[in-house]
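Next up: a single chain in structure tokens, the form predicted on its own.
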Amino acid sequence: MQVYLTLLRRELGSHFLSMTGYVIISTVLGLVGFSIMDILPKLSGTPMDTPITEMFYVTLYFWIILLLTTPVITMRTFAQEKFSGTFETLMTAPVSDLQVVLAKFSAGLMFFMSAWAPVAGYIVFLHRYTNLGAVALQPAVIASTYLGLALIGGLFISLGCFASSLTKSQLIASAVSCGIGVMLFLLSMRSLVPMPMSNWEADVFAHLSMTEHLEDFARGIVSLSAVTYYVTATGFFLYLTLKVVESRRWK
């Protein structure tokens, strides 16, 4: 555990002590601000009982944040160390491959969630100065929304770690991560599938749909199937990352 915590502290330092990290946080907050400007006209009329979190996640800005910031956060995790030559030095230290992978993943996810932390203040501000009903600012709804953010963030961070472990180029790692992320997002959009689907096909698409799962979280509904989906997908990409890291022993 001590080794893991030391690696975690090292990785967190690489995020918070770099200019890139603060650019990412500023970008997230800026795009959140634009999304709030988009939904403000809807809040100026009669009081609403719809959670503000549900209104926010359907905006284009949310998916831009998710699809573009996570590759930038994770592109350095392995690619930069391989390019600079510090990766081999790290792996010759008394640390396990699993500890390295988990530390890099955990640091990326913690940084991702820290960028979203101020959004809770935005929600409180909107509730204070707009016509939002009591349902719009329930602590349970905000908590479930952040849980959904952590789960989908973990999925995309693990995907980014996998992409970064494949190459020495941060640009290629970012492009691969973004490309796979966009494909997963498009797979979630059942409306883009023109053909009629049977019941089992609709069920499969509903289970794979990140948008529908996030809609539940934004409404305060925590679904076990959604949690299982995100945890399983995250574990899958972390397993692939671990196998890529271990593959250096086979060369």
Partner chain sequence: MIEVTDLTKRYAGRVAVSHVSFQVGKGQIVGLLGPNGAGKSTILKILSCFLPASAGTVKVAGLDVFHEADEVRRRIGYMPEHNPLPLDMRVREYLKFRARLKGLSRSASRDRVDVVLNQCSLLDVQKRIIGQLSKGFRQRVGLADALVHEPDLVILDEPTIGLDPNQLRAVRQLIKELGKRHTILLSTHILPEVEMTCSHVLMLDHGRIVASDSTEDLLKRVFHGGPVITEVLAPREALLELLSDRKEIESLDVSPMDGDWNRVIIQPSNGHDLRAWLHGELAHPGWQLRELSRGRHTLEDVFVKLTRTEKEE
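Numbering follows the first chain given and starts at 1. In this text, all values refer to a predicted model and were calculated from it rather than measured experimentally.
From this point on, the text means the form predicted together with the partner chain, which you will not see here.
Using a 4.5 angstroms limit between non-hydrogen atoms, Phe87 touches the partner chain in the predicted bound form. At the 4.5 Å threshold, heavy atoms of Leu7 reach the partner chain in the predicted bound form. In the predicted bound form, the partner chain sits beyond 4.5 Å of every heavy atom of Gly121. Under a 4.5 angstroms non-hydrogen atom cutoff, the partner chain in the predicted bound form lacks Thr234 among its neighbouring residues.
Proximity to the partner chain in the predicted bound form, taken as a non-hydrogen atom within 4.5 angstroms, holds for one residue of Leu166, Ala175, Ala143, Val95, which is Val95.
No residue of the trio Thr27, Ser188 and Arg219 has any heavy atom within 4.5 Å of the partner chain in the predicted bound form.
Heavy atoms within 4.5 Å of the partner chain in the predicted bound form map, among the stretches 158 to 166, 144 to 152, 109 to 117, 77 to 85, onto 77 to 85 alone. Annotation for 14 to 29: the only interface residue with the partner chain in the predicted bound form is Ser14 [heavy atom within 4.5 Å].
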